[in-house]
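Quick heads-up: it's one chain on its own, the form predicted alone, in structure tokens.
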Amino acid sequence: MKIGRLVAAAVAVATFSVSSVLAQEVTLRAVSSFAEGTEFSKNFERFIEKVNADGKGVVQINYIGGPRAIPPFEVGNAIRTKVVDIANVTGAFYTNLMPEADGFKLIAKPMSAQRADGTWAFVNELHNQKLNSYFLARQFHNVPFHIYLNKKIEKMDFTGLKIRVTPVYKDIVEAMGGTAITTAPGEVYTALERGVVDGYGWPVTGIFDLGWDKVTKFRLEPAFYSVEVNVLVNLDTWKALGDRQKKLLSDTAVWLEGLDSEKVAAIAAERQRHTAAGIQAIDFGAAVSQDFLKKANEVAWASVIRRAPESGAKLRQLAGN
């Protein structure tokens, strides 16, 4: 009986200790792969503000900043190795660790659909296995990309052009005859100014934040692919959180994804802003645009599946294109 009472007391103490730990406020370190206050960090910063407001006593986020803290192409490894707990980063910056990440741009379904049809679960599994991370959220599914140029072209052909890329655009730029030059976003302005590159790939929104409008003359139509900026949590960090902490982060992630609805008006306004800034649209018509979109889709999937045959093929099946 005495031993039984001792065991019961020990269990009670252990349970109290665990409960106390779970009840403690946890502070997580976060980084963005984009400069603070710019287009693709702003909503993540709103996410942090909301978590910190709603999560007092539960979970807080210490935002250490953007590329000045960790270079963009190193953020994937930083989240994998727990240098930081949370990262705002596009898959294009960690394709060296996860080749399938190059296929995320080809999934244009809203996250509500991805969570319902198994796409999110599969992408989360890939992040668990290859990046030691939990796939908390994806933003900007409805924001497309463009190729921007400083030289006017007379046909849909990039021969002779040097175009700044990330993995997002590399395959299509090369398929169209261009020379792909990879740089971090912070180096683009100088490269354009000095003529090191003749153009660059970037979403329809965000060039004004970076001052690139001052060194950009043309926007090539059509828009293509889909932006994906992901919020990842180190998997060890995620597993160590309590249920209440996980729920708060997950609920705020769904709220963050809902901000994509704001982008419809923002894109229309951005195009008008391009025109006002003297950035001219180059449009070769519907037939040429369709051919370009088909080619962009095919070369991108071919590249993903070549590097990750089984998982790349499954990702394409889930994407539905």
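Quick note: we count residues from 1 along the sequence shown, nothing fancier. None of the values given here were measured: they were computed from a predicted structure.
A second form of this protein, the form predicted in complex with a small molecule, is not displayed here; the remarks below concern that form.
Think of it this way: in the predicted bound form, the small molecule has a heavy atom of just one of 245, 166, 234, 88 within 4.5 Å, and the residue is 166. Note on the partner interface in the predicted bound form: the residue among 229, 78, 147, 131 having a heavy atom within 4.5 angstroms of the small molecule is 229. Annotation: in the predicted bound form, residues 34, 92 and 185 each come within 4.5 Å of the small molecule through at least one heavy atom. For the small molecule in the predicted bound form, the listed stretch (217-225, 167-175, 78-86, 191-199) containing residues with heavy atoms inside 4.5 Å is 167-175. Contact check for residue 63: no non-hydrogen atom falls within 4.5 Å of the small molecule in the predicted bound form. Under a 4.5 angstroms non-hydrogen atom cutoff, the small molecule in the predicted bound form lacks residue 47 among its neighbouring residues. At the 4.5 Å threshold, heavy atoms of residue 203 reach the small molecule in the predicted bound form.
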